[in-house]
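Only one chain is shown below, in structure tokens, and it's the form predicted alone.
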């Protein structure tokens, strides 16, 4: 475990080097929050609720969703594509470490950096600049646990795409396709209740909604109670276990096609 913690610390320090990138991310997030504020304010004009959500609930969901979107981007697929293409993955395979856990702890360093530099400032902006009152409730208390599970799910998707690079050596098309599917089907941009009822019910059966819709709902509607939140957490946990297991099995097959040449 000490070796993995060293990897986490190293990736966190690397994140500090690229602090200007985080400054631009914060600036972009502020612009996005401003645009979506006036957009949804105009949508809610003369309306108290839409699809069962008030303006504050929808805006908390959408604005915080932009920060969570950045937070849950692991870039593991791009990192693995580079390591496979350059052949550096061979150095990891010859060391007494688990590749999946190595990539996970490597990405966790950037997760912690994004949490402090983007997610927490976004919450402060919501409260003190846009004057949005975040209601207290059970959902807010269990939000951190849901966010951790959401991150593990996002990692599993990116790690799976990274494993496909053992076959393709290229990640661009695969990663873009994955980003589109996850963004659209997870409720990252638009809350799932705004989808037609039939599509909404279908999406709830897929793992994508457990990445964004579940944790964001816990913040936007924290008073729904255990009867709602416990099944949502159970679904998240199920998909984490299932995808971790499937990616480990797929790794055993993908590693067999690895070919590295050079000198």
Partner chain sequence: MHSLKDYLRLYFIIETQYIKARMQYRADFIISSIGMFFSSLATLGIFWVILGSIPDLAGWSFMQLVFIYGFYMIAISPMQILFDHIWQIRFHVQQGTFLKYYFRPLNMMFYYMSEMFDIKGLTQLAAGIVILIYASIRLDLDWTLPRVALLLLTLFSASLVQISITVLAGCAAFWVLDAYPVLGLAWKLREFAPYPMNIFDGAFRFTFTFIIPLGFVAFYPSQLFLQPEDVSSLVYFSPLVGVGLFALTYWVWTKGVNSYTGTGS
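Values in this document were obtained by computation on a predicted structure and should not be read as measured data. Positions refer to the first chain, counted from 1.
Another form exists, predicted together with the partner chain; not displayed. Remarks below refer to it.
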4.5 angstroms heavy atom contact with the partner chain in the predicted bound form for residue 236: no
Evaluate residue 201 for contact with the partner chain in the predicted bound form, applying a 4.5 angstroms cut-off between non-hydrogen atoms, and reply yes or no. no
Taking heavy atoms only, is residue 227 within 4.5 angstroms of the partner chain in the predicted bound form? no
In the predicted bound form, does residue 206 have a heavy atom within 4.5 Å of the partner chain? no
Heavy atom within 4.5 Å of the partner chain in the predicted bound form: which of 176, 129, 120, 141 fits that? Just give me the one. 176
The partner chain: the contacting residue among 125, 189, 115, 134 in the predicted bound form [heavy atom, 4.5 Å]: 189
Is the partner chain in the predicted bound form near all of 31, 39 and 170, within 4.5 Å of a heavy atom of each? yes
Based on heavy atom distances of at most 4.5 Å to the partner chain in the predicted bound form, which listed stretch, 56 to 64, 213 to 221, 228 to 236, 40 to 48, is the contact stretch? 40 to 48
